[in-house]
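First, one chain by itself in structure tokens, the form predicted on its own.
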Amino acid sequence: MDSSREKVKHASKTSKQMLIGLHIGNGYGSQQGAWRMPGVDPKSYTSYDARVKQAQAAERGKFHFIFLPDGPGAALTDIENEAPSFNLDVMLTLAAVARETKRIGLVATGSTTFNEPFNLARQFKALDVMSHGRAGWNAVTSSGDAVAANYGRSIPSSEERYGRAHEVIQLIQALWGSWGKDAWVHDQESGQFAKRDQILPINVEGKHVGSRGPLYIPPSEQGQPLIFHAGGSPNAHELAGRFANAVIGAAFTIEDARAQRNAFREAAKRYGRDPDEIKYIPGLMTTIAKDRRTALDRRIKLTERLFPQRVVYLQQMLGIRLDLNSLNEPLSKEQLDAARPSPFDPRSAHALKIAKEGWSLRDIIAHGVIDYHPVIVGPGIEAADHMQAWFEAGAADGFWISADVDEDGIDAFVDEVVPILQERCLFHQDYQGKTLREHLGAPDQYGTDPRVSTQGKGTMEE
């Protein structure tokens, strides 16, 4: 390792350390074609054992949480050749994982637009109790027509969706707190199971939702689940700033990520919260291999079927014509001189940078320049360097990782990237607590947060 790498390696010796989560979608991996890779069980889409194995790999790497997105209206655009992007059912999956893991947090998406609050409250608090305080709810609105069609409805306006979301989160937190902290006695000798006067209706009503309550589930070791949010709009800033402990983010540059993180922190301050209470966690996609060439060849094998469409899209990103018959050739000097990154696509500047390094058109695409998060294609130290640069620039509090192929990509990150981050004192050596609230350094909360429950839009009334 050269001196510059040694300097980077030892640059951070501060007490602050990053958070790391693992994204698990359909169980194959983040790249189309993962289900066909050698060593992958093509039936793992329906295997809870596979999800357990993946979660256990992340727990071996001391990841703080696993994150399961959900898309009940996701269109099956290429079901002939590819699996749907999401799990069979996020709550059933996490219930299976909860029984076979001990420390890692369990986070799943649940829509505030098309789910009844009482059902969401019951599901997530039950998961929190059975996992001994490791549950988190990624509270999001739904915006796709395909989702609405599955519920026989139309998509509400943004104002209505977010107005409902503010109410749903407050109502669910009120339900979570409707069984008092000390209500459960379970005293066999006296015969008292619970204190009736500490299990009370909440009787709250808003414009969009309401409930009598109470919920019939006692608190977990962390009290109640944490709130996550995924989104980057001004409405998302307000919702997350008011309620969220963490944001599942998407950003392509340090500057963009820093701006997003600051926007969420400022929103938290507007609601009387300490901005450090909200953690901004952008995504990172990885293909970890011994060298760049090996990693590129792996991604080519995974995604080459999609190259015709991706060449067309790369043309739009760079504003030049590209020839599908010249996949093995680098871009010409004339093409590079004429190329102009699209101002409408934040990935474009990085795509042009990769092209100027002299890679073939096939390799440019294999670098992941069209993927929906930054992509690391190469040895583990490159992922560690990327994560350190963003973390120390104030652009991220951590990262959620999407491996290209779950079967071996999670282990590759755990074995090749985590030790480097630990050596640089950027990532913990072991879990310091048992609950997700402890993992994220989130403040204690049971029921609604009194600092924000009476502020802003969507406030519920008792």
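From 1 onward, residues are counted along the sequence shown. Only a predicted model underlies this, so the values are computations on that prediction, with no experimental measurement involved.
If you look for the form predicted in complex with a small molecule, you will not find it shown, but the lines that follow are about it.
- For the three residues 18, 418 and 427, a heavy atom within 4.5 Å of the small molecule turns up in the model of the complex in no case.
- Heavy atoms within 4.5 Å of the small molecule in the model of the complex are found in exactly one of 206-214, 190-198, 310-318, 247-255, that being 247-255.
- Checking 386, 347, 161, 265 against the small molecule in the model of the complex, a heavy atom within 4.5 Å turns up for just one residue: 161.
- For the residues 129, 306, 140, 351, the 4.5 Å heavy atom test against the small molecule in the model of the complex is passed only by 140.
- Although the partner is absent here, residue 156 is not a contact residue: none of its heavy atoms lies within 4.5 angstroms of the small molecule in the model of the complex.
- Contact annotation: residue 223 falls outside 4.5 Å of the small molecule in the model of the complex, judged by heavy atom distances.
- Using a 4.5 Å cutoff between non-hydrogen atoms, residue 330 does not count as a contact of the small molecule in the model of the complex.
- Mapping the unseen interface onto this chain, residue 230 counts among the residues with a heavy atom inside 4.5 Å of the small molecule in the model of the complex.
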